[in-house]
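First, one chain by itself: the form predicted on its own, in structure tokens.
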Amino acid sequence: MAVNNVLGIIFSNASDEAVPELTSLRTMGSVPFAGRYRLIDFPLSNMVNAGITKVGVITNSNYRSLMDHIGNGNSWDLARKRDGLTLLPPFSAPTAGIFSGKAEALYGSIGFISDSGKDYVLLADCNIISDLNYEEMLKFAVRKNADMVIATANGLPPHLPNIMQYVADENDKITEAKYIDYFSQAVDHSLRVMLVKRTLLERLLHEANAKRIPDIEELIVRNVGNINIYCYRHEGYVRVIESISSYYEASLDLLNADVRKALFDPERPVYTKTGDRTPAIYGISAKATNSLVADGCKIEGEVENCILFRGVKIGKGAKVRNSIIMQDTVIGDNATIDCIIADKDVTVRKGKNLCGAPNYPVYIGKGIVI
């Protein structure tokens, strides 16, 4: 089975409610990450690296920045005459608007799914940061003659609604699926990445529409004994964005060289929209340690354990520690900040002192002047 016989579907608004600070004006997929990327870059790059050439991005609301980022898909080699990248905004007469669940969202795009002619459909959320190998997942599905394969990880489940726990037999066939209502022990939990036969997905979506079932997880619970569902266990690095604190922790994970090596494999690169910026400039008194500094930055103060996005300016005498500073933010002279997440175009004026905590970082909204 060729990988180009798979249709990719990405839910750009998945779990928006988990980080309202970052998603009030953008989708989860367009949340900035790692100095130069957006969260959608990870599932989208994983699909492209697996050879998937047709991808639909389901949107719900606040998707202007997402459109600006992905454009026609050229940065991911998806600007094609055949297949390529398609944005799928809400559509369902006469109630077009906000989806109440993934099954409803998929049903609104069922024409796109059917017309693709692909044998399989790969569904993925945007708040999962991993280097999940979708090509190996497809090979696993073919080998098992599976109707559906669900990617899982073992560990403490994220604090998100509709997270599923799966019990599988010795052949990896799922025998039980249930919603998780406890979060204190490690289990095999869903990564919300699913590979399913297209014809089966169409049938399930028609069933969901007829019975007014909004969530795809409920379809799995109802059908676990009727179809061949298998568990594909991901053993590599993975982080699920479930809160502003988890976003902060996942970002600072990147200061660990082993994490960067696991997430950014040169043979399976993470693609993104390119920007034309000058290299970072360091002043005579600048000092930067254990930090990721993007192009276009100008540093004249001290930076330690930080992620600096493109165009950030750190003034003379400023001390910036354990913080995530997004694009074109300016930290004034002699300002001191610690454990801060500053969104795009923030200005922290001269001499200001702002401090959060590692388990409770302070968030500064886009464009705010302090």
Partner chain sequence: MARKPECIAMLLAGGQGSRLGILTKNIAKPAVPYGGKYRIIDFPLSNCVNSGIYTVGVLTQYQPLELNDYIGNGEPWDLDRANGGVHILSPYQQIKGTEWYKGTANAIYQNINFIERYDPEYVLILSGDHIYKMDYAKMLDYHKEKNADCTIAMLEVPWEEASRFGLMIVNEDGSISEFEEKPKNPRSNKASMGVYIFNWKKLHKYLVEDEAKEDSGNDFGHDVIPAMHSNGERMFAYQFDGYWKDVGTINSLWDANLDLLNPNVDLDLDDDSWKIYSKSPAAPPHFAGAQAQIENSMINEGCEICGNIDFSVLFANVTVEEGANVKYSIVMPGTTVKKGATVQYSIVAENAVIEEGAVVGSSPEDMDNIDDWGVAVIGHGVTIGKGAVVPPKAMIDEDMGGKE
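As the structure is a prediction and not an experimental result, all values here were calculated from the model. Residue numbers count along the first chain shown, from 1.
Keep in mind that the form predicted in complex with its partner chain is not shown, yet the notes after this line are about it.
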Open item on the list: Just checking whether Lys298 would be counted as a contact of its partner chain in the predicted bound form - the rule being heavy atoms within 4.5 angstroms.
Closed with: yes
message = Would you classify Phe264 as touching its partner chain in the predicted bound form, given a 4.5 Å non-hydrogen atom cut-off?
response = yes
Does Asp181 make contact with its partner chain in the predicted bound form, using a 4.5 Å heavy atom cut-off?
no
- Item | Contact label in the predicted bound form: Asn154 to its partner chain, heavy atom within 4.5 Å | no
Of the candidate stretches 277-285, 109-117, 158-166, 187-195, the one with residues having heavy atoms within 4.5 Å of its partner chain in the predicted bound form is 277-285
Answer key: of Cys231, Leu138, Leu205, Ala294, within 4.5 Å of its partner chain in the predicted bound form (heavy atoms) is Ala294
As a check of understanding, the residue in Arg143, Arg260, Arg80, Lys211 with any heavy atom within 4.5 Å of its partner chain in the predicted bound form should be identified as Arg260
Residues in 243-274 that come within 4.5 Å of its partner chain in the predicted bound form by at least one heavy atom, in order, are Leu255, Arg260, Phe264, Pro269, Val270, Tyr271, Thr274
